[in-house]
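Here we start with a single chain on its own, the form predicted alone, put down as C-alpha cells.
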C-alpha cells in the first residue's frame, strides 16, 4: 500500500507520540490523508502525562487524537504470558510483543466505530512489530488494510533515518522530544521496557549503558534482602505481602518491589528476529520476573513428569507465537486452551527473597494441589515409600538395559 492510496481518506494510526509517530502523521497529512491518531494507555513508564500525546499529534496535523484505556487488557495478556512461562529464546519476557496485540485490538475497535478501513503504524521494515501489527489486524479485521510508512518507497526516500526526521520536524516546528544524541530507542509499557538500536547496536556497548526506567541496576540495589509474598488462586495473583490487589495493581506493585531490588533490570539478549536477522536488546521487566518466578515455583509443585513435558512444549510454542505475530491464530488459541485445565490447580502462597537482582525461593504455603510430600520424598527411615519396593522396579528397567548392552553398545564405539 502506498500513500497515493490514502489521499482524501480517513486513516487510523497506532501511535506512541514519539518521533516516528509525529513524522508519519505530519507527512501523511501533507500528502492529503486525514489522520486519526490513537495511543493506548499501557501504563508507559516513560510518559509522565499520557494526555500530552494527543496534543502533540493534533499539532502534527491529526484531525483527531485520543487516549484509549488499555491497562486492564494488558494485565490480562501479561498474566497469560506468565501462566505459559513464555520467554523468547529462553531469555526474556516478550513484553513489547504482547503489548502490540493489545494495542492493535483496541485501536481496531475505534476504527470500526468510525468506519475507517486503514490502519497505519510506525514500525520499521526490519523489525518484528510490523509483523505483529499486520497479522493481528488481518486476523481480527480482514477488511482493514494496513499502511506502513517505512515500507513505502516515497517515505523511505524522504526520511533515511532519525536525522532527516528531526530536520523535517524542526522545520515545521512539530513538538517532538527526540534528539539526534539519544543513544538508543525504548518501547515502554508497564509489563516492561525494550531498549535497542542506536549505540546498543554495537556489542562493544555494555548493557549498563542503558539508564533503567523501572528500577536500578543490581549493584545499585540495597544491601539488605527484601522478602515478598505472592498469593496465587486458580492461576491468578490476588495478593502481594498479604494485601489484596487488582491484577493491574499487582503488576505495578511487583514492578516497584522488583525494580528497587534490581530484579529483571538489564537483561541482555542477542535474538533471532522473525525477519531473519539478529538484533540486540536490553530488557527490563521487574514485575514479570517476580510474578513469573513465583508461578514457576508453583508449577514445580503441581506438575508431574508427563504434565511437565506437555507444559514445556506448549510454553515454547506460545513464546514463539507471541514473538512471530501469531497471538490470535489457531495454534496459540489451542495451546492456551490446553493450559486451562492446570489453572484450578495453581493455588498457593510463594515467598521469595530478593537481593541485588536475584530471586531466591524462601517458602511455599497453603498449596492444596501440590504433589510434593515430604513423607514420600524422605530419604530417612520413615514415610510411605518402601525402599525395598524399588528392587522390582530396577529389575524391570534392567531388562532393556541388558538387551542394549548385548546388541548395540559395542557398535556405538563409545569410549568408557
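Quick caveat: nothing in here was measured; it's all calculated off a predicted structure. Residue numbers count along the first chain shown, from 1.
There is another form of this protein, the form predicted in complex with a further copy of the same chain, and it is not shown here; the text below is about that form.
- Distance criterion of 4.5 Å from any heavy atom to a further copy of the same chain in the model of the complex singles out 131 from the list 248, 238, 131, 169.
- In terms of contact with a further copy of the same chain in the model of the complex, the residue from 315, 260, 229, 324 that brings a heavy atom within 4.5 Å is 324.
- Here the chain stands by itself, but in the model of the complex one stretch of 284-292, 204-212, 169-177, 240-248, 204-212, has heavy atoms within 4.5 Å of a further copy of the same chain.
- Proximity of residue 52 to a further copy of the same chain in the model of the complex falls outside the 4.5 Å heavy atom cutoff.
- Residue contact with a further copy of the same chain in the model of the complex: residue 97 places no heavy atom within 4.5 Å of it.
- Contact annotation for residue 341: at least one heavy atom lies within 4.5 Å of a further copy of the same chain in the model of the complex.
- A residue is said to contact a partner when one of its heavy atoms sits within 4.5 Å of a partner heavy atom; residue 196 meets this definition for a further copy of the same chain in the model of the complex.
- Counting a residue when any of its non-hydrogen atoms is within 4.5 Å of a further copy of the same chain in the model of the complex, the hits in 128-149 run 130, 131, 134, 135, 138, 139, 140, 142, 144, 145.
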